[in-house]
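Only one chain comes next, encoded as structure tokens, the form predicted on its own.
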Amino acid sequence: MAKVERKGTLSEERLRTFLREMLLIRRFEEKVEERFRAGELPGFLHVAIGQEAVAVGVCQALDDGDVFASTHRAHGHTLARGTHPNAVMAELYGKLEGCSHGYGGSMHLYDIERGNLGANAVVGGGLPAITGAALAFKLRGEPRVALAFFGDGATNIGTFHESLNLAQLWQVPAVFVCENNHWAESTPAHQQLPIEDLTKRAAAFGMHSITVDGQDVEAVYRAAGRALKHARDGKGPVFLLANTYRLVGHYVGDPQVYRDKEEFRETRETQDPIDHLRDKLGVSEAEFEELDREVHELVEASVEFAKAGTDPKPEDALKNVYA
């Protein structure tokens, strides 16, 4: 990763790479939703369509050696950090070739080699682990940063406050990325948050905060770069608030009766981060179709790879169990 790009204008080539990564996440999740509805995937499924710019912008800013914890919407973060679509799709199909060897499924994606300490079905479940990882980096004197993704609803739970309190108290190299999509499952922000500006929650601990438009991948990348540098330079943890939009339901099959239909339609038409970047780059219809074709082929190949994968043996269920 060229560090100089964080200070100046990102090259068009780099932004086109971001566009490809965002489109890959989008097409991957659309395919996953299709296969889930067809009954091919076990478990439960949450997609993050509309939030691709946060995943790509943040994960592309991470350095080798940095670690992160994801949420129950983990596909985008995992793909953006470099895990191959084959490994992610195989995990969703419960195959040994999956990134979690078939043990985790959609809400428990791991890839330790790429710093992915795991997704978590527990809201805000990754926050304490990231604070601990950051403390370890500080005690070892390692120039590494630990980063946690979570939603606005998670800022209401105890582990959020405990984690930020300790991180600030110990001045650990951690970055806390709030993907503020304005919904805690089906509860709108105004019904579950007494404040509009969530950076005030970080201010309560004296923590440095940064706010960014989560639909602008370049802005997210720059903001994440500043946050990571602040933490890596030993200046303490950072709260990064990315205002984004979930353009789908909380889970696949969610009827979304809680959303105003007209407002939802307008949001989908005006807040798509892929459309924003495509327009900014002036990508022609022909160029986009070619890129889309390439991404579709990659996703289709991942499905075939997963279907041809190895099913775990029944006795494998007892492996990696500690008590």
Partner chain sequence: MAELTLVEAINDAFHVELERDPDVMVMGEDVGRAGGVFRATAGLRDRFGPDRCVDTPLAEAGILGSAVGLCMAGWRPVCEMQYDAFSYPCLDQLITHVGRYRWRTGGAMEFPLVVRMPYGGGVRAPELHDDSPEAYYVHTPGVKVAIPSTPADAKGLLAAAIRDPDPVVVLEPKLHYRTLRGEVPEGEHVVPLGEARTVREGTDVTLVAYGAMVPLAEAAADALDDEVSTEVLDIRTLKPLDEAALLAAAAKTGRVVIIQEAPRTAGYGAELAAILAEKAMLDLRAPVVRVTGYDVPYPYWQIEDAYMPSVERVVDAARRLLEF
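It should be emphasised that the depicted structure is a prediction, and the values quoted were computed from it without experimental measurement. Residue numbers count along the first chain shown, from 1.
The discussion below concerns the form predicted together with the partner chain, not included here.
Looking at 156-164, 195-203, 218-226, 233-241, which lies within 4.5 angstroms of the partner chain in the predicted complex, counting heavy atoms?
-> Looking at the partner contacts, the answer comes out as 156-164.
Evaluate His108 for contact with the partner chain in the predicted complex, applying a 4.5 angstroms cut-off between non-hydrogen atoms, and reply yes or no.
-> Close contact exists here: in the predicted complex, His108 approaches the partner chain to within 4.5 Å, heavy atoms only.
With the cut-off set at 4.5 Å between non-hydrogen atoms, does Phe137 touch the partner chain in the predicted complex?
-> Taking the distances in the predicted complex, the answer for Phe137 is yes, it comes within 4.5 Å of the partner chain.
Does the partner chain come within 4.5 Å of any heavy atom of Met89 in the predicted complex?
-> Met89: no, not in contact with the partner chain in the predicted complex.
Would you please decide whether Val122 lies within 4.5 angstroms of the partner chain in the predicted complex, comparing each non-hydrogen atom pair?
-> Contact with the partner chain, yes.
Please pick, from Ser100, Thr83, Asn181, Gln168, the one residue with any non-hydrogen atom lying within 4.5 angstroms of the partner chain in the predicted complex.
-> It is Ser100.
Among the candidate residues Leu117, Met207, Leu79, Val212, which is the single one with a non-hydrogen atom no more than 4.5 Å from the partner chain in the predicted complex?
-> Among Leu117, Met207, Leu79, Val212, a heavy atom within 4.5 Å of the partner chain in the predicted complex occurs only for Leu117.
For the stretch 39-75, which residues lie within 4.5 Å of the partner chain in the predicted complex by non-hydrogen atom distance?
-> None of them.
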